[in-house]
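In what follows, one protein chain appears twice in different forms, each by itself as structure tokens: structure 1 and structure 2.
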Structure 1
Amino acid sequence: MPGPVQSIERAAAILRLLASSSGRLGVGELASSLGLARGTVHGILRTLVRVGFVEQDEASGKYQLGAALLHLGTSYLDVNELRSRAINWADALAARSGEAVRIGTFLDGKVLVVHHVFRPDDTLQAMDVGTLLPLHATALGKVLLAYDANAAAAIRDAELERYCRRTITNHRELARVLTRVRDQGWAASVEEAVQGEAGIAAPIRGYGGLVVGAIGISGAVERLCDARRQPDPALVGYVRDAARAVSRDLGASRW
């Protein structure tokens, strides 16, 4: 019986390492992490770039997962499965935070809300399931832009619509924000889509560490933020804990 193909094993190891990284990685970083020669890693990367499984950043020369691979990685996971795995954790997050919870995925240049838990009080609220939210002006959207190459490509050359005074409409500023999202592992929006409303969100990962959606809370700025309009660290922790829990249920081993 034929043995394993070494080049495929090495390519898979590179893809797993890129998937588990919070940012782009260079040839030297990949080579040292995997114990491979730089030339070997570079050759494999060239092939992965050619088939769209990996993309190279022109400015830094570093690599990240490509849109083609991300599409394959999320194709096994439909919206119903994401919602069904996340329901209990979303309910728990709403109870713990006291805020409304939404789960979103990328669809046609927007964030599609696939699950919504009302804020646990007696206020009048509208169901958001099926609503399309802007990527650049919401916490859920920023998470998807930071980790989903398809989402990032959808707005790369698009005009960023202004919804409020604080909406980010400059692509360079947005890129800086998304770098910070990847560094810290969560995103926030403060009066960027709706006046007086803030949001906090974190990525949901599936098998292999690929981001397949985002979970977050939304509510009044004065409840989610401090006097300096910085997100409450306790609420950030609740959101990240929920995202990790859903990710574990979806088979993610790292987040």
Structure 2
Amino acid sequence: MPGPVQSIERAAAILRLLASSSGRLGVGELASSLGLARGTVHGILRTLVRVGFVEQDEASGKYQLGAALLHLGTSYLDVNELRSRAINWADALAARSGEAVRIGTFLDGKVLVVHHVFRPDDTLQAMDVGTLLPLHATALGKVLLAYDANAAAAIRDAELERYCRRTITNHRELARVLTRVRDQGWAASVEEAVQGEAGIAAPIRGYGGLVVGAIGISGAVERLCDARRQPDPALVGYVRDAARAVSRDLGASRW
């Protein structure tokens, strides 16, 4: 077991000090209270500002706790915000792949569909924003299971319901599949939730790399996969590009 990390201890002390102060504090005040060099405190503050835990007042140059810290307990990305940020890239993915696009987040042991773009063939399709999909049987769900500890914990002791002949119902097999998802950076499901349907999905990352959701396409197996039931690499590429574009927008501008 390694010892405590000094800079994290110091960062925690800075946060405690800011929290207990009634106004804002300057670098000098913080440094002398903690008995640290100004340069050290300044470096830690810069990182804390970057992650949003501390804010610097423009006029005085002094510091206070940041909004991100106040929302830490509820700091999941608002799903409506996620949709707003993703809408352009989800559209582009649907246009490029020719398939329907969904964005899912984890909710109560399921995948919550937070965004849905119709397949661009102008047939009548029903909006399914707000519906819940199974985690273990969909590509979106597998991405969440692979990267979101809460999602993984939610099904650890649950029975894996069978929807089709190919649904993965064995925990050990699912674990193997999820390892592969993490290795390759995307997930597929081929006739595991609905007969004749396949899906491909990739993770959407928010600030600091945290996975906040999954974006994916779904459609007929024969369009998404080759004769050996392997997902079309071009489509996988489109899905991953879209996931990266959304992630870039989330990371770059939210903080």
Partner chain sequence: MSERYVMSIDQGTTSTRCILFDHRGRLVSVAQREHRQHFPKPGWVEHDALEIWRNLERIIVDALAQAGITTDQVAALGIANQRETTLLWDRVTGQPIGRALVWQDTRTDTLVAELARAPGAGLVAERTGLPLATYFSAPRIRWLLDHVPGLRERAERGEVLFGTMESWLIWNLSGGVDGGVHVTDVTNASRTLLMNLTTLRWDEELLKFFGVPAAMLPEIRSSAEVYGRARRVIPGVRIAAALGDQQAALFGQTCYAPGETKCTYGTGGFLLMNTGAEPVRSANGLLTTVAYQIEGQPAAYALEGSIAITGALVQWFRDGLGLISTAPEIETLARTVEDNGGCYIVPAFSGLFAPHWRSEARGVIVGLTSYITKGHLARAVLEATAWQTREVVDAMNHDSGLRLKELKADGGMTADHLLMQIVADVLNVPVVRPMVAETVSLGAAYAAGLAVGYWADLEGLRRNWHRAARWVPAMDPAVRAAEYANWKRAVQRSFDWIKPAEP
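What you see is a predicted model; the values in this text were computed from it and never measured. Under this definition, the rigid core comprises the largest set of C-alpha atoms superposing within 1.5 Å between the forms. Numbering runs along the sequence of structure 1, starting at 1.
For the form predicted alone, the corresponding chain is the one labelled structure 1. Here residue 235 does not count as shifted, since its C-alpha moves by less than 2 Å between structures 1 and 2 after the core is aligned. Fitting the two forms on the rigid core leaves the C-alpha of residue 123 displaced by at least 2 angstroms between structures 1 and 2. Superposed on the core, the two forms differ at residue 14: its CA moves 2 Å or more between structures 1 and 2.
Relative to the superposed core, residue 56 moves its CA by 35.8 Å between structures 1 and 2.
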